[in-house]
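One chain follows as structure tokens, the form predicted alone.
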Amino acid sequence: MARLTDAVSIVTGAGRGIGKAIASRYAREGAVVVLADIDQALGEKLAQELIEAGGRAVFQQSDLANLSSIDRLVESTCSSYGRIDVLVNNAAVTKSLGFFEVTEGDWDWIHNVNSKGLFFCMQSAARVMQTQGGGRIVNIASIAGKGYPATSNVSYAGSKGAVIAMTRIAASSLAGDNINVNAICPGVTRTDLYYEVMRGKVRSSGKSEEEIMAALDASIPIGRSNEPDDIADLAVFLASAEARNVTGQSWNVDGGLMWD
């Protein structure tokens, strides 16, 4: 039985990686999925794939660093479907940088999308959920936000720490409106972004990509890194009726790397 039947769901950063996996699972679980991504070609391609597979999906080009774009995304969704049941805040950016390599430009680029954009998307969707009697927000954070030392860079870790903190405050602020807010903290996850970071580590370390990936997997207690579907599994649960009393939590999906 489908777990998200007719749930109007926005998934940001839906064109690839974790966002694509979540959007695809939501469509299979019966949701109406609004695919938000800055890359028009990827978003339109995924929308077509989901429709051909029998799902309901529409693409909305969106830049999460632009507040006007966020407002258009929410307004368009409400205009088309009359409500927003689920928001998955997944859009994020990063690159491999040493501590002394992070510039002000890097900092602003990362935080404008990962923390500022995420907050205002959450705020805009929550206004709609408040008027309709409730909803679910799933923020994609990272174990980097809990101090995982092998993160791509310190600015990225700071942005994801902000996501975890904002999730807790939002859950408390919105509980009276029947809006559940939770975060998922992926560990090492094999996405396009993961491979981009790996290439950066290859350049800085002199090791091969295979050596770095093998070392990363060896550092994980369970012995394997995530696939995007591992994150999508939890994202379905948190959006479903089964999680009606779960809010303010930050769930690690990392094979045992972190314990808080």
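Numbering starts at 1 and runs along the sequence shown. Keep in mind the model is a prediction, meaning the values are calculated, not measured.
There is another form of the same protein, the form predicted in complex with a small molecule; it is not shown, and what comes next is about it.
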The stretch from 169 to 177, 156 to 164, 121 to 129, 98 to 106 that lies within 4.5 Å of the small molecule in the predicted complex, judged by heavy atoms, is 156 to 164
So in the predicted complex, does any heavy atom of residue 64 sit within 4.5 Å of the small molecule?
yes
### Task
Please check if residue 189 has a heavy atom lying within 4.5 Å of any heavy atom of the small molecule in the predicted complex.
yes
_Just checking whether residue 10 would be counted as a contact of the small molecule in the predicted complex - the rule being heavy atoms within 4.5 angstroms._
no
>> If we define contact as a non-hydrogen atom of the residue within 4.5 angstroms of the partner, is residue 140 a contact of the small molecule in the predicted complex?
In response: yes
The listed residue (234, 193, 213, 50) that reaches within 4.5 Å of the small molecule in the predicted complex by any heavy atom is 193
